[in-house]
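Heads up, the chain below is alone and in the form predicted alone; it's given as structure tokens.
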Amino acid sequence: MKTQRFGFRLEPRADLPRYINITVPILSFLAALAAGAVLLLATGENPIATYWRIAERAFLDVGAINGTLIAATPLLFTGLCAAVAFRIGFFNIGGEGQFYIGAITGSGTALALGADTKGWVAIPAMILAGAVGGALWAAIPGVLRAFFRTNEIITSLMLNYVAGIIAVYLIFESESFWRDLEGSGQMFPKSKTIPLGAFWPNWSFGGLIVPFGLVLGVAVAIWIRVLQKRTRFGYEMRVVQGAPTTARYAGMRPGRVIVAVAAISGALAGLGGAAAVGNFRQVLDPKGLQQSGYGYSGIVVAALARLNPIAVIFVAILIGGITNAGYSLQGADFPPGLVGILQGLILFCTLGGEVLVRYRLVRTTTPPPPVPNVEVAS
């Protein structure tokens, strides 16, 4: 006897409730914590105690929030970098390399201006140089995608390695303008420290220290939101994302929009690199920049924020807190690599949540095949 067969398929949702924009990131984050708890239990660790220690070192301990804001500042810029590009379907995985280039151009500009330059000149010059450097670096995969149909995931990712090699070469393998060749620098490669006038300020509110880079990032996030929602270019971005063929018929040029968005995306990551040098490191530190992985973490920030520039601000602080706690808790009694695993789980659960937002799981029924009518000869 033949029976019906059952299965499942994904069916696009006709409409999306407004609360989805808030509930999906929260549930995705909680799902990542639950998955992390399972891993901790499997390794003999107490999930509640471990997560409580992370919360203390990220937000609750005295001075912890200051370290969190420091870690959140570069993440804010790289998160905006990914959010802007992904919004139109340009998958810029090159925020890491654009971050390096911004650090190179920003620090080089500060060094070139010299010690006598005032901060009101040096800091805007670093901001401009970091943004231009990142924009030009991101424009390469943008042009290749727009006019040569090259996969931007591959090109932007490979350019990360090229940018990293350039940064290492400038400090460790050459006598470049960035390298300190005096004193101990002759024997042990190190970068020149940028002039004091190029140091980015920090503002103190009681015990809370707010970096200038973070304030700049918040202002940029608001500007990006206005650009997307209130300008003609923002309208073109939405049309190109949803219907590039329709955009061409409407007189728009999708190729130019893609290149422009790629440049804006790279400029944001380049700003992050300049902020990392001007606000915190004061030197071009290739090894430290590569170990931080801010460009890749920015993708997690953008995904959890559902590509909303304003939400990126809060998610950057959250992920920055987790990152800061990971640095503070390094030791034999803290599971090594837990922070990286949590970030990976957050990205995985967020992407899974996005699928369930856009599609619903529908049960399907397949009727049994008909029984062939076979006549028996008498």
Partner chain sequence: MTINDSLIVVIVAAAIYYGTPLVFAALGEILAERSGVINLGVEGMMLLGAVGASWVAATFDGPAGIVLPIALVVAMLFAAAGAAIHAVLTITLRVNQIISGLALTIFAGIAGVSSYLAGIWKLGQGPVPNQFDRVDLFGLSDAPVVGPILFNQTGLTYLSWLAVIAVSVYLFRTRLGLHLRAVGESPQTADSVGVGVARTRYVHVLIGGAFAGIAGACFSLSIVPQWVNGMTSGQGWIALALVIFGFWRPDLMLVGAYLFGGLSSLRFTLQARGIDISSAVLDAVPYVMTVVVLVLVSNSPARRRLGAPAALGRPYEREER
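Residue numbers count along the first chain shown, from 1. Everything numeric in this text was worked out from a predicted model, so none of it was measured.
The form predicted in complex with its partner chain is left out here; the points below concern that form.
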{"item": "Partner-proximal stretch of 119-127, 89-97, 176-184, 217-225 relative to its partner chain in the model of the complex, 4.5 angstroms, heavy atom", "value": "89-97"}
{"item": "Partner contact for residue 337 in the model of the complex: its partner chain, 4.5 angstroms, heavy atom", "value": "yes"}
{"item": "Proximity of residue 322 to its partner chain in the model of the complex, heavy atoms at 4.5 Å", "value": "no"}
{"item": "Any non-hydrogen atom of residue 54 within 4.5 angstroms of its partner chain in the model of the complex", "value": "no"}
{"item": "Partner proximity in the model of the complex: residue 352 to its partner chain, non-hydrogen atom cutoff 4.5 Å", "value": "yes"}
{"item": "Triple contact flag 111, 204 and 235 to its partner chain in the model of the complex, non-hydrogen atom at 4.5 angstroms", "value": "no"}
{"item": "Residue among 158, 210, 243, 136 with a heavy atom within 4.5 Å of its partner chain in the model of the complex", "value": "158"}
{"item": "Its partner chain: the contacting residue among 300, 198, 289, 258 in the model of the complex [heavy atom, 4.5 Å]", "value": "300"}
{"item": "Interface residues of 207-233 toward its partner chain, as seen in the model of the complex [heavy atoms, 4.5 Å]", "value": "none"}
